[in-house]
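Alright, here's a single protein chain in two forms, structure 1 and structure 2, each given by itself as structure tokens.
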Structure 1
Amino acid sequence: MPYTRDNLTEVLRRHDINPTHQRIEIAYALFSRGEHLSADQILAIVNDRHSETSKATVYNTLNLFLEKKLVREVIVDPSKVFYDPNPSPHHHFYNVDTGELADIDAAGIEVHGLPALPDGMVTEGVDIIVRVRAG
């Protein structure tokens, strides 16, 4: 289903997020493209259309989207954080030459040998990032 500003308004409401104009624009920038984007890329996309959105608003909105499990955060290194509009379990290829992320289906990956968990803890998930470059 293609994302529109109207149906994203409903998506935000279903996740208990008040659909303000700026939140809708941020969601649209991220979901309509279906790409892994950084906060700065999202800010540039949103401000290309409406130049009233601040960097703080983008970061606060993305943190809210994370809290409500609407998006996933993919940290490829401390200086490269991407926001993924696909919250379902999956992994990533990270191209170190181009800086692009691509999804890997989780069904094709098995992880063995995880350490024993501390008492009272359960596994929430395992994220795998396979770094690739031109050979």
Structure 2
Amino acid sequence: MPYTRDNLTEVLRRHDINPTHQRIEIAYALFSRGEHLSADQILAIVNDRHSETSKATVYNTLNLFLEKKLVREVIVDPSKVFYDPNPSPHHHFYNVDTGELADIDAAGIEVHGLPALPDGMVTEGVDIIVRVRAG
């Protein structure tokens, strides 16, 4: 079922996020496209028709979404963070030429041979980035 502002309002509530107009629009930008977007891109999308949301609110909101585990961040480009509407563990193809990111489902991926963790350490997650290019 497609994302609408209405069902996203519910999603926000379920994540303990007060669904304001701006937050709904930012969520809609990310979830309706299902793409990995930078804060800058989201700011542009949300203000496309008429200016509606400030830069400060975009950053505040994305950080709130992160904290509430509604979205993930993907650190792959040294110059900007990408926000990922899929918060569950998964991996990525990264096109080093175009900067595009594509998801890799975590189901079916296995990593063998990882050394034991230093004592008293615990794994928080494993991120795999497959860097690809046209060739």
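Quick note, the numbers are simply positions in structure 1, starting from 1. In this text, the rigid core denotes the largest set of C-alpha atoms whose superposition between the two forms falls within 1.5 Å. The model shown is predicted, which means the values in this text are computed figures rather than measured ones.
Student: Would you check which of the pair is the form predicted on its own?
Tutor: Between the two, the form predicted on its own is shown as structure 1, not structure 2.
Student: Could you tell me whether the Cα atom of I75 shifts by at least 2 Å between structure 1 and structure 2 after core superposition?
Tutor: No, I75 moves less than 2 Å.
Student: On a core-based superposition, does G125 travel 2 Å or more at its Cα between structure 1 and structure 2?
Tutor: Stays below the 2 Å threshold, so no.
Student: Establish whether a shift of 2 Å or more occurs at the C-alpha of A102 between structure 1 and structure 2, with the two forms superposed on the rigid core.
Tutor: The answer is no; the displacement is under 2 Å.
Student: Having superposed the rigid core, state how many Å the Cα of P115 shifts between structure 1 and structure 2.
Tutor: For P115, the alpha-carbon shift amounts to 4.4 Å.
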